[in-house]
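Structure 1 and structure 2 below are the same protein chain in two forms, each given by itself as structure tokens.
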Structure 1
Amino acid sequence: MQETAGIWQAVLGELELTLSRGNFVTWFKNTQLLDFTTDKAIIGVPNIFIKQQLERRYNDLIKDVLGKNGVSPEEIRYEIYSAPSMKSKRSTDDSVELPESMGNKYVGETRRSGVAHKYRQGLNSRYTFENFIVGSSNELAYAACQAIAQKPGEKYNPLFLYGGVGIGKTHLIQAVGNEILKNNPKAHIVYISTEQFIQEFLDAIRFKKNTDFAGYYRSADVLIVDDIQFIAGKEKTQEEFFHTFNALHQANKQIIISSDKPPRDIPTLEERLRSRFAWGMSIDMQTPDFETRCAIVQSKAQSNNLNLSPDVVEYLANLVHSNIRELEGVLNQLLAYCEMRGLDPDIKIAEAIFSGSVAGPKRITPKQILEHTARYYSVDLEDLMSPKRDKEIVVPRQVAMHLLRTELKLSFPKIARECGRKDHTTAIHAVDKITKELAVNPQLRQQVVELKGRMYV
């Protein structure tokens, strides 16, 4: 056992260097080499989705790297298993952090300051200018971001980017950070979601590390703050942010801010911050037009090595109008459906899956949502519906409640009943918790997208 652990550690070490951080974390976290002989190696994976992705996309790479570490089996098998460390963790409080397998792990940037930056996610290398499709709805934002990436701090400072959900704000502002890092690996780029910023600030006060906190942000060359609308009503955080802003701006450091609405519409935003946000450039990102949506679908399909026919592309682009994350969702549903059945995607299949309804994909029942969620997270449905408070059950249960709300628009009392609860405040709490968590936790977001993808096939 010791030997397999050591080998797998070495394999992961190499994979981590080969793959983008996003891919590495998404596909290889909580995997393990369970056993190997000359015939086959068995790799434990947390769920069916990861199993399929590893089989399809990474099998050769894994084989290759295993070989370099002295394991050259003829075949690799992937089996679903639960990491023992997860099972043994227990908790009686569901307001605690997500277990590591839910992806709330902090990455990078942790050593610069003494505060426990457990909320910090940093940049995701998946978001680049290269894979961002430019159309009339976002060309202005794109151009401004490119200009900033070339000469940070010189033009458009701050850049304030605003627009609806899922239209590429996070993608673009992260692309700026990634591009600057590419040109100058030493640049100190700080990307933070506002919710993380608030949480760290509160922690800093609680653990009396205010100066560390302030120092960390004020030493940034580029500060990227996502979803600033969440700062509404947070007076102390606004004040802290005000001082950070001033310090950086005075030193000609670049500041980039995103929001789902313009500064004038953010309630209880201090006037002095509001006016500072207007100092530089404000850009409104529009919902993507039809051509842009088609181009996005085609490019995402191609990055999965698939060429979709124009009728399928147009069909998908017509299903979802404003939210590109949802557009990716329907594409993934189609691809997953076809992959599991070994079919090539065509318009008939697309129509069958989405049954021509523009309002949304096929209907699903509360029971199916609960079953799919349980299966996705490899927990028993009975446990999900029970009062158990184990960490590995609490989060899937909250996700299920969230899906009952977002997919079926059920009332809170009804959600509680579907989950075997009497008290509907649990449902309110769960939906709220996951909604907030989704804003700051890309891995959880991805899980929910995947899970939805599975629900509708």
Structure 2
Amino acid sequence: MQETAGIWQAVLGELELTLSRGNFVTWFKNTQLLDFTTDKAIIGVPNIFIKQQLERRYNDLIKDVLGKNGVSPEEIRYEIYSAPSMKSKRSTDDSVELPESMGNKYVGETRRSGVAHKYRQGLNSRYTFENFIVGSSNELAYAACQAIAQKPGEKYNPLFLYGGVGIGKTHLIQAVGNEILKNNPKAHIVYISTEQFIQEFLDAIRFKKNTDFAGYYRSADVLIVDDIQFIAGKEKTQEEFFHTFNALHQANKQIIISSDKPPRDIPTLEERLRSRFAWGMSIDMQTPDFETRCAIVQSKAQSNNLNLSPDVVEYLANLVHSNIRELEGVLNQLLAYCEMRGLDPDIKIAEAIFSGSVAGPKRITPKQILEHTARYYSVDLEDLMSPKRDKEIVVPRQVAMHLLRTELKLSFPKIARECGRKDHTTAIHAVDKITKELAVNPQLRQQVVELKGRMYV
């Protein structure tokens, strides 16, 4: 039983990297490998619906990943398994325990090799530029990543992408690696999560493999590090990463880093690392706007061979405002519900499923946008809608007009009327000015992100 648990941990770890977060959680979170022989493998699932999905959609993928982990059955059987807990157990042997956030793909390899260097996760081939949805919130990051993919080490080195959870940072930075590999299959691309880097460093110390560890990372042509914020407070790991960074940068090798916050806001980050992260280009990836969210829903639905009506797409896009993973999870819930009942998804079904699940208003009103903007900038609503031209009034008014346009898609005459103006050219000028300013002003971008967050609470 312990052997099957270890193998399935490794399989789940690779599946989590191969699939989107929404699909992995929906179909694989509560599964177990119950038994296996050379003839067949038996996988326990919690219900008939998941059993059908794994049989229809994921059987070949599961068989392939099992084969990579030393299990090559001729047949895979799925059985409904009603154990008290379907949660996979973690390894209890003498190997170093891996962080929960990493999954446990690597436990079996650790047991065999005794050192972490043998079980790196690598790039997910599904993360490409072609299936990345570009919008106003991420177009600068997308352009920078494309430029790097064409000339790694020559432009924007290092590239530091930061932004909230679930907005596509991991997809984009891995797309760079996949594009470079497509252009140069011999390139040495190292993609690593910060948790994995930390774990490998600890393993290197434990097994006295420091030279092997350093050599691997410092020989990379491109080093891609995800979620660097987790290195904060770990002095020895920061020191090792500092030397790795210096070695690669000195050799004109490309470094790409992601984080949930800019370098200046990462607590207990050494100043020498903070300054190096600022050497190249830092880009704030914002929460996706309404059009981008609609495009994401349409793209994900089409990847499941399904065309959703525009009203369903817009409804789902309005359910989740800041997290693409949650947006995909909402879509998966709708598709799973309809497939289980043999229904075609429509707006009535979507409303019935999600009517009580939305944390904020599905559709904010123009008045609410104006009120939130005035409150955020500490100005009176009356002044915001007055002819006053004071700077402390003009900027909030222009931001409000920008939000009325981007969030509610109001026409310029309608925006002008909502803000107490007669001439709609004022609204055109305001929206154009704020749009351009957001591309070059990080402080304003942060203000707009915070303001939108408060609007939908």
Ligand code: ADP
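Each form is matched to the other, and the largest set of C-alpha atoms that superpose within 1.5 Å is called the rigid core. None of these values were measured; they are calculated from a predicted model. For residue numbers, the reference is structure 1: its sequence is counted from 1.
Chemist: Of structures 1 and 2, which is the form predicted together with ligand ADP?
Modeler: Comparing the pair, one sees that structure 1 is the form predicted together with ligand ADP and the remaining one is not.
Chemist: Has the Cα of Glu382 moved 2 Å or more between structures 1 and 2, judged after a core fit?
Modeler: Yes, because once the rigid core is superposed, the C-alpha of Glu382 moves 2 Å or more between structures 1 and 2.
Chemist: 2 Å or more on the CA of Leu308 between structures 1 and 2, with the rigid core superposed, yes or no?
Modeler: It does not reach a 2 Å shift.
Chemist: Checking Lys209 here: with the core superposed, does its CA move 2 Å or more between structures 1 and 2?
Modeler: No; that C-alpha moves by less than 2 Å between structures 1 and 2.
Chemist: Cα shift of Arg56 between structures 1 and 2 after core superposition, in Å?
Modeler: C-alpha shift for Arg56: 3.8 Å.
Chemist: If you line up the core, how far does the Cα of Leu34 move between structures 1 and 2, in Å?
Modeler: Shift of Leu34 at C-alpha, rigid core superposed: 12.9 Å.
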